[in-house]
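As structure tokens, one chain now follows by itself in the form predicted alone.
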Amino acid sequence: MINENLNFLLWNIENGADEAIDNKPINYFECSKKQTKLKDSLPEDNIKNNNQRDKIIPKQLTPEKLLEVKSLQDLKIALNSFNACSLKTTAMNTVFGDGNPESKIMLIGEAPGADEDRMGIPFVGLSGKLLDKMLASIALSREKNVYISNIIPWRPPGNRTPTPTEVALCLPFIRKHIELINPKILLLLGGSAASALLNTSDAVSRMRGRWFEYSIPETNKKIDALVTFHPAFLLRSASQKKLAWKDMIMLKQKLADLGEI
């Protein structure tokens, strides 16, 4: 009975029914506006005054201006000022990143889910818990040696797949994110992340278990990239976990080869 209830819950979440019903309706558009106002009223780290902030980060930053961004804090401000992607208007939070920014391993998924949108942190729901277990199996954790982000920083309504236009708008930001973290290894979680960053239309089932090279556009630096299944897919397809385990072993071996463990 427990497994049946869990499967029914997961099925509802995948179909967009991921909010509990309260006695009073919640206007998430209004919540998002209030959060944006609150964030705008808070002082930003490493920014001495408003004039300096405006000089570095224009209010409506375009991806072409990302060359001026020199730190994660600047990138976060830039992302919060970017309004060209309509997903921002329906999301509660901008989900930027989590983990140790000094890490040599960077994980990139597709987009936030309901839990991530509420908390403003990537991979904190059921798939995030599974991801933490996968990392722990090879002695990795977001607290110590892993950094995590997504291609899309705002949750698509109903957890739908981001459109090509949405991916294209957000892609310059995640590319800059990778450049700033400067990892030695990228672990791409799912087909959307792999397709966007490796410029391929191959299915994740054909790409997983193989090493690719990702090039940082501005420096042309090459980063080893491994593709594996997204944890949300593994929750629905438990039989594929054995393949994901093989991918984690490949990741561990690469770390050993690079002298990181």
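The numbering used is simple: start at 1 and walk along the sequence shown. Worth saying up front: this structure is predicted, and the values here are computed from it rather than measured.
One more form of this protein should be noted, the form predicted together with a small molecule, which is absent from this view; the next part is about it.
- With a 4.5 Å cutoff on heavy atoms, Ala91 does not count as touching the small molecule in the predicted complex; it lies far away.
- The closest non-hydrogen atom of Gly99 lies beyond 4.5 Å of the small molecule in the predicted complex.
- In the predicted complex, Ser127 approaches the small molecule with a heavy atom inside 4.5 Å.
- Although the partner is absent here, Ala111 is a contact residue: one of its heavy atoms lies within 4.5 angstroms of the small molecule in the predicted complex.
- Stretch 115-123 is the contacting one of 115-123, 176-184, 99-107, 79-87, since its residues have non-hydrogen atoms within 4.5 Å of the small molecule in the predicted complex.
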